[in-house]
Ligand SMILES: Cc1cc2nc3c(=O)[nH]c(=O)nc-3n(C[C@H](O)[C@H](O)[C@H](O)COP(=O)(O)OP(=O)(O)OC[C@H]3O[C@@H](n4cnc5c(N)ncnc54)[C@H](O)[C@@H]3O)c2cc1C
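Before any questions on binding or motion, here is one chain by itself as structure tokens, the form predicted on its own.
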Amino acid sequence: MVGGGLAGVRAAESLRKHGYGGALVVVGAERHLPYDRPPLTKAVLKGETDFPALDADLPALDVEVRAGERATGLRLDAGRGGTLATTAGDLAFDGLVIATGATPIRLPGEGPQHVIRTLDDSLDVRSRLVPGARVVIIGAGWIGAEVATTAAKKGCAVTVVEAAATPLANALGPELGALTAPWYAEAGVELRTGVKVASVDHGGLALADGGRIPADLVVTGVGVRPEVAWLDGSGLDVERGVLADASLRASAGGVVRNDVVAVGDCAAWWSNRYGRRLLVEHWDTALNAPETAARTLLGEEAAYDVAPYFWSEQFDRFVQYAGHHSAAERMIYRGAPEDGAWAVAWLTGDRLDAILTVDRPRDLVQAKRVIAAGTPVDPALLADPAVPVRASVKS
């Protein structure tokens, strides 16, 4: 398992569960033992924990964890297996799980620029969130909103700058993104949209229009890129992420490898459900995809075809999303945003493609089941917030 995060650990668990009794090695670039990442912008940043441990018993699994070793290259044998090159030497393998995650995008500039991707990142930013500190966050996405929430509650003067016209414009579209903009003001956070950053300099930001924003702390949250540069020259097919089929098998020169699988943020896997390749950078995929990857490595027939799911805790709201709405035909509201708790559903015909919920977790749970089953729904009933989502399914 190349990658010491959730996906790598879950792959090890699944291999043991399905009867694999051989040696298992997890190679992780960080010096820490594997931990959970969602709390980095939540519980860790708030100071509620210093180490969000995974619910996994690695000694009982007989897994060797090589923390602080980074993968640097890969050599594939002609048949099965190969050699993983690391900063601590070479490791021969018969089966390989690529779970190296993603790396945050950084902006130009010589000033200090912080990201939150690792435990050390989160602890460093947390130490700087002191009352009165001028905190500037670049990007009004999921990460930016969560960091802004905590920074404001710690008494910092927080400004969020976003290049798009609204928060979450790329993820949800401008109409829904605009509905989240008032949340910033309610929390005492200044939101500046339509602002492009030229560079991060010492003392703040230089803007594309010539302006400046002073800052004691700059946190960049403008997205990530799959961590796949170490695969250059390996022969594996990589395009943004590691190209994988529905069984999560990687390929080399278009030829599928039964001994190499990819999971998590670095995997661009084929979805039979959506008829396209997906690159899903969320915890739920890292949690569930390794089950398929492990079965595939052990020669079983398996396919990963779960509807994507993620959540965010921001500005005292619980926001959840399930499905994939890029090809949906229409969007309907379920409740009024001004009432506080609301949801939006995307449909194609009478099929539920995706749902976004704000403080309506029961809607999300029921909608996930409907999306997974693909059963048709009555749009009029689905639009009524007083009707349970499951009751909108056509009989």
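Heads up: residue numbers just count along the shown sequence, starting at 1. No experiment lies behind these values; they were computed from the predicted model shown.
Below, we refer to the form predicted together with the ligand, which is not included among the displayed structures.
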Review point. Hey, in the predicted bound form, does Val389 get a heavy atom within 4.5 angstroms of the ligand?
Key: no
Practice item. Would you please decide whether Arg117 lies within 4.5 angstroms of the ligand in the predicted bound form, comparing each non-hydrogen atom pair? Key: yes
Check your understanding: Hey, in the predicted bound form, does Ala29 get a heavy atom within 4.5 angstroms of the ligand?
Key -> yes
Exercise for review: May I ask you to state whether Val44 is within 4.5 Å of the ligand in the predicted bound form, using heavy atom distances?
Suggested key: no
Study note, to complete from the structure: The one option of His282, Arg80, Arg317, Arg192 with any heavy atom within 4.5 Å of the ligand in the predicted bound form is His282
Practice item. Let me know the one among Lys368, Arg334, Arg360, Arg37 whose heavy atoms come within 4.5 Å of the ligand in the predicted bound form, would you? Key: Arg37
Review point. With the partner removed from view, which of 282-290, 106-114, 123-131, 171-179 is the stretch that lies within 4.5 Å of the ligand in the predicted bound form, judged by heavy atom distances?
Key: 282-290
Check your understanding: Listed by sequence position, which residues of 128-150 have a non-hydrogen atom within 4.5 angstroms of the ligand in the predicted bound form?
Key -> Ile143, Glu146
